[in-house]
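Below: one protein chain in two forms, given as structure tokens, structure 1 then structure 2.
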Structure 1
């Protein structure tokens, strides 16, 4: 749409209608879920029975709120733990990968780049099954050959971390690489001419320039890990993450506590995205 050209009334009406329908489709389910988190009903759906906070705070025989629901709280803790480790690994390895592909020249660079981005185009279900089969095969080999029971090769938290890391690190690499493409290499050369060593140049100049991308990609990595379902489903052990636990509750029937959890997740992810955006913007202005 070229704003300087005159627009017909029909076009303007159609454009506004499209925007209304589009954003209604995006946000209406979220709004309904948030509203039903305060519904005084035993079922996580309409009709509206009245306002209540018991799905957050209650500790009654017939009604347990999220703050007293040990199963859901444990699954939230597992998801936070997994997301934290995945974020640290993905940001560290992804940033190093960005340096590798943007500032180094070596043989088979394009082939390695293609292999690096391939986890993003592989369905999460296939990725999860492949990692599970690979880890199971290694576990059996170590057990039969050396009588070693390696916990890392069994379904569990650490296998979930490795499974999520395998594709989230790629996303971090792409985000940081996009920022690194805009970096002026002459700044590094000038710093080294003034006596700085390679480590000091990277720490005080290059990473300072990359800080907005690192912060933003870290926030995205954390959120992607926290809500991941497809890959995690095949790698999780006895400690279920929150998405897996919610899936089990929805499948078997649940109370509006699931809406309360959704409300807290929407609020938390929105705040995290806002803080990440403000911090990245402030860092960008500082550079």
Structure 2
């Protein structure tokens, strides 16, 4: 049954087979996507026609590699921009949220806490449409009352940033709160006794302690924003983010360029995951 108990041969063999099948199921789509990025064929399918790097580097009339594909490169740039802003905003506000719910006492705290976790149970599509409608309502109001045309209220990069921020900040708040719970508050009292004010205490002591959680949640926030589709779908203007752009291409037929982008994405996200877990481990050991 478990490792301390005797196991029949069939039992352990069955489990091993299950794991093998499961991991094949898990990795098959990713592996095949990566492999076909290097296939010298016009379509992302077998048979294998030889190894090529042209889907990355070529700049030919019938074959444009990702490094020369303006539309895709532009959308990667838009996504990077959006993800950076979302990360900054979410980490800032999320850390404030963690301090608010862990260290402050005020009326209606429970209600506010419930509101803070509610984005987790609201489907991303609903967040997208409600923010789209509210911004349109506000835009109409500003135009009719003051004859102001505010770019922020129209679908576009800034609305996408706000939409993604609205639920990613919850995640940051939860992760940072979890670490703040472990913080020994006598350290703060000691610093206060030595004459530090509250902001000095937070800056020099509490934030230092929270650093691994902040870095970790920042990395996750960046990835979630970079990959978000559901909320972005409704808020995106003329500048498409990478997932939206890829979706349009996949829906209308595909070329191995998409495989090439996917390969780069898989590589990039694995690296980011590796680095952030190493950083977290190192800081954990340091404290």
Partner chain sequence: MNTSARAKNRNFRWGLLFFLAPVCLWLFLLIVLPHIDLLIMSFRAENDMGDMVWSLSNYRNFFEEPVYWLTYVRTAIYSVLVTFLTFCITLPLAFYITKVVCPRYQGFLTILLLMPFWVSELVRVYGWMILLRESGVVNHFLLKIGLLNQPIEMLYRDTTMVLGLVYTSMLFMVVPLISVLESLDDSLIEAAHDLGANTWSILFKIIIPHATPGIVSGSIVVFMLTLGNYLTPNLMGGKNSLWFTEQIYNQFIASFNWNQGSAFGFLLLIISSLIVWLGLTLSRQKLGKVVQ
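If you're wondering where the values come from, they're calculated on a predicted model, not measured in any experiment. Residue numbers count along the first chain shown, from 1. The term rigid core refers to the most C-alpha atoms you can superpose between the two forms while keeping them within 1.5 Å.
Participant: Only one is the form predicted together with the partner chain; which?
Facilitator: Between the two, the form predicted together with the partner chain is shown as structure 2, not structure 1.
Participant: Establish whether a shift of 2 Å or more occurs at the C-alpha of residue 248 between the two structures, with the two forms superposed on the rigid core.
Facilitator: No, because once the rigid core is superposed, the C-alpha of residue 248 moves less than 2 Å between the two structures.
Participant: Would you say residue 45 moves its Cα by 2 Å or more between the two structures, aligning on the core?
Facilitator: For residue 45, whose C-alpha is compared between the two structures after core superposition, the shift is 2 Å or more.
Participant: Superposing on the rigid core, do we see a C-alpha displacement of 2 Å or more at residue 266 between the two structures?
Facilitator: After core superposition, the C-alpha of residue 266 moves less than 2 Å between the two structures.
Participant: Any chance you could measure the C-alpha shift of residue 17 between the two structures with the core superposed, in Å?
Facilitator: For residue 17, the alpha-carbon shift amounts to 2.6 Å.
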